[in-house]
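In the structure tokens that follow, the same protein chain appears in two forms, which are kept apart as structure 1 and structure 2.
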Structure 1
């Protein structure tokens, strides 16, 4: 059943290899994320999205500078910090000046530190770290550095948009928070409490609970508590099977309100919820496919689905990473002097591929863009998981948290 995927990846790899042969000057982008093990689905999906974006948005349009092509090299970090640092070294040895990573903020912390050190010690082979998915706010606050750029909305920005949507909805007066018992689950609960408290006094938090991560077999007792609490809405940062188990139990227990989530789509999740999730599963994220921001987006998504039937555009921001990098390289007039490229990238304000604008804030290298609250629905143009369901925009927050404060104090090279 996985063979088509394997073919897709092999074909893509073969393509990039043949591209190497054809063009001497390739701009290498090292993709460091899990390509094997339990998190491989997210990783291989991201790699496919990167390769497709590089091909469609840059290489087919003649590349950058004088016909230099983008080449995405997939490096398997097995979701491990140490392995990622080895990968970083491999990437640098292969002459890559750009590193992209997204799964796990823990690994992003390790990488951003390593890149910072490497660049200070080796001015001749500096690299940029383009973070496309790790959402820990610290990466653009106390732990920020000049070489790190985040293209996803961070956890605080997402919660800000999510609570905006909740506050606008008059039917919600009681909210239940539940999450996995670890740093991200706690961060979501804290942010939700803070934002809801600040935005609307009348909203009551009727439950705030953490459950052991990956250990709960049956979520029904939790669902019973949620229903009995009289909550109108649930907020959770759960992912993977914990997300599906919790969501299904809540819906089966007779809960009728919305369930607000961060990661409840694709990788089999949308398909598993199916009809039961329609109108209930809500997801906060950047880049909406239904409705698409432009006909160009429609074409892009269709072409991706045709080329990789087993994958989804689950991380739309990847298109922005590739496109903005290409623009920055053009503006800097060089792909090897990453200081110039970084300077072109910071403060860049351009069209967001998915509609609206996107701005890379200079002070902390956090991208500011439209953030959407999307609802699982059927009968849409772009579907997920080869199912009949996808995500439809319910609320759009334009340039979400554009003025969110940052504690970043960046040291810039001369």
Structure 2
């Protein structure tokens, strides 16, 4: 597949725009995530990352095609499924052909079904759903569809990397599982049970608990259960305010073991753990910053931090969403015929902005990329949460789970 060089990691900062750019139009990308309520911090951070990536990685380089620019529109779904579907229709009415969402796999399920239904009924206003953070494995397995692409590693891929790190620690013999009571939280618990059992049967799961998402005001009772269980380690998929609350309660309860997480970084979480999190908080994700993969990555993060001092690059995959969409539009020669853009995107293999490679697997639209297990540390170049702490790479898994099977049976448009 031809990959336009102007979106490569080492590309020049800008390109001259041809005379036809006078007729250029904005390509609207609708960001549907919480911008108010208890999870607003996570959503507003993600919106800032998308708007920055669009400007730095596409618009400053002359846009796509004949100078069309990316425009990221923020729509507040208030972490509500019905509100998300209203936002989807608003986005379509405003002429958006691309929707991005990541907070809550439950909402992602609602959106992918709605997009699939809309595109079948409305061939003249079809949209693509670019999922940057909803990691329920079902979305690229039994619930897969042609219009959905996931740029984050799914919960199974991440748990495979986390449990590799856990079983190598001889001090861990008892693990407590705790998470939010919805599809993603359940997927994390199921994957942890399966992988730990397969990799080291001497590890005992001493607790497996789900709590209401976004509704627990005081996690002290949960933290006391964790301590009293005798657990050596905790695994949680909590994010946003639920991670802040759980983390604070665990610290205050006196738990001293490692905590293995999916989203314990930035958004108040790093600052909450502080010194108590050093060497204790472990996070699995893509896009290592300490050390960074290239000087360009360092420059990109420095520029973001200068423009958005109250936000962090906490979801590096967002840069890959923007870059790969631009590449697919160039390859397809159109931004409005999303079938052609989807065909260009599926199977795409290119440099990962953060280092290594990334491949959008054609059979299920799951991105395959390097995955890292990182731990909270001080004295790093790139810090989080206006604190003295950031994440340092401990383990790197190259092209993680590249051979992971899928049950996806995708129906493609004729």
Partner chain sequence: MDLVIINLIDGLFYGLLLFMLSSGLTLIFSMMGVLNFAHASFYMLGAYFAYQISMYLGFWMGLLIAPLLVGVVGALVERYGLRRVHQYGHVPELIFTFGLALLIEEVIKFFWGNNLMAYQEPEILKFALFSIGNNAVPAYKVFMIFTSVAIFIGLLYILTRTRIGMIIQAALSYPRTVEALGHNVPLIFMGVFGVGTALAGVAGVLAGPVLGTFPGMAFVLGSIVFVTIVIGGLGSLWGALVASLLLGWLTTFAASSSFPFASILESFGMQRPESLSDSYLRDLWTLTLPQIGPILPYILMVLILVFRPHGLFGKRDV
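Residue numbers count along the first chain shown, from 1. Everything numeric in this text was worked out from a predicted model, so none of it was measured. Just so we're on the same page, rigid core means the largest C-alpha set that superposes within 1.5 Å between forms.
Novice: Just checking, which of these two is the form predicted in complex with its partner chain?
Specialist: Here the form predicted in complex with its partner chain corresponds to structure 1.
Novice: From the list 311, 158, 42, 237, return the one residue or range at the hinge between the rigid parts that rotate between structure 1 and structure 2.
Specialist: From the list 311, 158, 42, 237, the one at the hinge is 158.
Novice: Suppose I asked you to quantify the rigid-body motion between structure 1 and structure 2; what rotation angle in degrees does the smaller part show?
Specialist: Rotation of the smaller segment between structure 1 and structure 2 is 17 degrees.
Novice: Once both forms are fitted on the core, what is the Cα shift for residue 186 between structure 1 and structure 2 in Å?
Specialist: Its C-alpha position differs by 3.6 Å.
Novice: Rigid core superposed: how many angstrom does the CA of residue 210 shift between structure 1 and structure 2?
Specialist: Comparing the two forms, residue 210 shifts 5.2 Å at C-alpha.
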